[in-house]
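What follows is a single chain, given as structure tokens, in the form predicted on its own.
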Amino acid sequence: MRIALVTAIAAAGLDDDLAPLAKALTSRGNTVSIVAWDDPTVSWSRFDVALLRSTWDYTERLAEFLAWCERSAQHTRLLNPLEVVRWNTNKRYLADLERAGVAIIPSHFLAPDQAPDSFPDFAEFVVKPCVGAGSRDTQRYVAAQRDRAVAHAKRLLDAGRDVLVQPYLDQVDEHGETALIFFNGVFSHAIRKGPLLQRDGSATAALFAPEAITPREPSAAEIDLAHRVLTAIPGGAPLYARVDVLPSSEGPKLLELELTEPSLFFEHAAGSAERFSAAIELAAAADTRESKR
């Protein structure tokens, strides 16, 4: 199978997952190329699969990126597929999951035609864009800094960007965040992220904020929440999914569901790149069988 591992020109050399994944896929007899979605010289029809990986600049170029996804999907098998990417690239999907019964962090959404101060009062909270990744344009505030937070929301809204405001769950300062990784709906491994957002910290200007990553054994409650999330995805669990959860006094809550370009942290879980490679082949074979019916 001819497989494109899709990154971005801006992310060249930054994705630690690409080398182990390419090695695992090649060892199984596949032909692998690492290519950028925004490289106009790439002929996507020469690949059997275009696997989205580190397309991390899509948040600043969403319309362009989705148009590329639509075009490339006409020439190759895009994974995860176009309809999943369209749904998952705006954090308003959290409202869909909440309606499906998933325990999410309480989320308040603002559109550009709404007032930037039309969100509840919180003792501590986070302001972020609905289309965003890597903690870019994301900041943590306390109640006394509400004016600064409103100004932050206004900057995003004035740029035509939807805004998400969530209470800050301070349990993360001690316990960190858990990211659970699934391939074809089957749990593979999990990692712990240390707390990213500091009080009075500034938003990162890079593609992503530096992270402190260690392996983690998720709790039964975190596993259960993750399975509830996967069940609630429109169309069911896709090829790959990363479920990011935070601790709270009421149990774990969903922070984000990453189905487009999540890091999968192969270096922290022996055999995970090989498991993903097998899952890719299985998903591609299933798609081939379906297309022949």
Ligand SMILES: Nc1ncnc2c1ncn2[C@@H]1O[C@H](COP(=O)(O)OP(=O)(O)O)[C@@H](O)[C@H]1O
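One-based numbering along the sequence shown. Fair warning: this is a prediction, and the values are worked out from it, not measured in the lab.
Just so you know, the form predicted in complex with this ligand exists too; it's not on screen, but the next bit is about it.
Remark: all three candidate residues (V126, G132 and S135) come within 4.5 Å of this ligand in the predicted complex, counting heavy atoms only. Screening 73 to 81, 95 to 103, 165 to 173, 110 to 118 for residues having heavy atoms within 4.5 Å of this ligand in the predicted complex returns a single hit, 165 to 173. When this ligand is considered in the predicted complex, only one residue from L264, L246, L239, L225 comes within 4.5 Å through any heavy atom, namely L246. Checked against this ligand in the predicted complex, the candidates V229, L51, L255, L259 yield a single residue with a heavy atom inside 4.5 Å, and that residue is L255. In the predicted complex, this ligand lies within 4.5 Å of some heavy atom of P195. By the criterion of a heavy atom within 4.5 Å, K91 is counted among the residues contacting this ligand in the predicted complex.
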